[in-house]
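This document opens with one chain alone, in structure tokens, the form predicted on its own.
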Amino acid sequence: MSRIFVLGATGGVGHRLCPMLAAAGHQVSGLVRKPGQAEALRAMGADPVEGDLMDISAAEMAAMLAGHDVAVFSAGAAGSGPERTRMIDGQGPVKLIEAARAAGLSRIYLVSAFPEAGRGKEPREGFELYMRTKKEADAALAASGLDWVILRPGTLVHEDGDGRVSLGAALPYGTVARGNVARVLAALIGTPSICREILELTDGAVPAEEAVAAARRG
């Protein structure tokens, strides 16, 4: 089993993912921005580590990652403004790459964005910035020399989902429940033979674990 550090542990995907990882026998730690979030994270079976992704340095993050094997980046600015988008969605993964190298962490799972999200609508400056920033973070991780998996979900919806998904290198655009994103991440972490892959994800008809097993065979 792995020691896993989750950035975005209290978010819509992260707070579903942490208990799944703990139930699978992994040792889980998660970043919390507010002291009041720590108890909720402990209840999920994860150890809270306090820090603000906007403010911590790569060196401080490396100290947090010490002793961990895997990091999951599912944090996001969630439409809270261009500066937070740049710092969280953009600089967050870049800091994580530097921190992982310093800490000797072997693998990063990055939750990104479906390239066709929002297309066909009137362009909005904030959304275009978000999409550019996500792609830049993907490119930085892909060029990092680390082991990684980039997961690009369709438009996220708040539901837990029914556990059935579509997963592949290129998919028609669609929505996906945050709970299904968490299920696929948990299954990917449990399948380390899937490495240096970019996978797109929507809700679908195949159980998440089967979809990940099919991706491994592919």
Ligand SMILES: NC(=O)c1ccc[n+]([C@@H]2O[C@H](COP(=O)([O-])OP(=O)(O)OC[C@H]3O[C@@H](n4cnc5c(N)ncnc54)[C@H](OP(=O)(O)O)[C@@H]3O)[C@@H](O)[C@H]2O)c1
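Start at 1 and count along the sequence shown; that's the residue number. Quick caveat, the model's predicted, so the values are computed rather than measured.
In what follows, reference is made to the form predicted in complex with this ligand, a form of this protein that is not presented.
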property: This ligand in the predicted complex: contacting segment from 62 to 70, 187 to 195, 46 to 54, 164 to 172, heavy atom within 4.5 Å; result: 46 to 54
property: Heavy atom within 4.5 Å of this ligand in the predicted complex - residue from I88, A137, I108, A103; result: I88
property: Any non-hydrogen atom of A75 within 4.5 angstroms of this ligand in the predicted complex; result: yes
property: Heavy atom of A9 within 4.5 Å of this ligand in the predicted complex; result: yes
property: This ligand contact in the predicted complex: L21, any heavy atom under 4.5 Å; result: no
property: Close approach of V13 to this ligand in the predicted complex, 4.5 Å, heavy atom; result: yes
property: Contact set, 145 to 180 vs this ligand in the predicted complex - heavy atom within 4.5 angstroms; result: P153, G154, T155, L156, R178
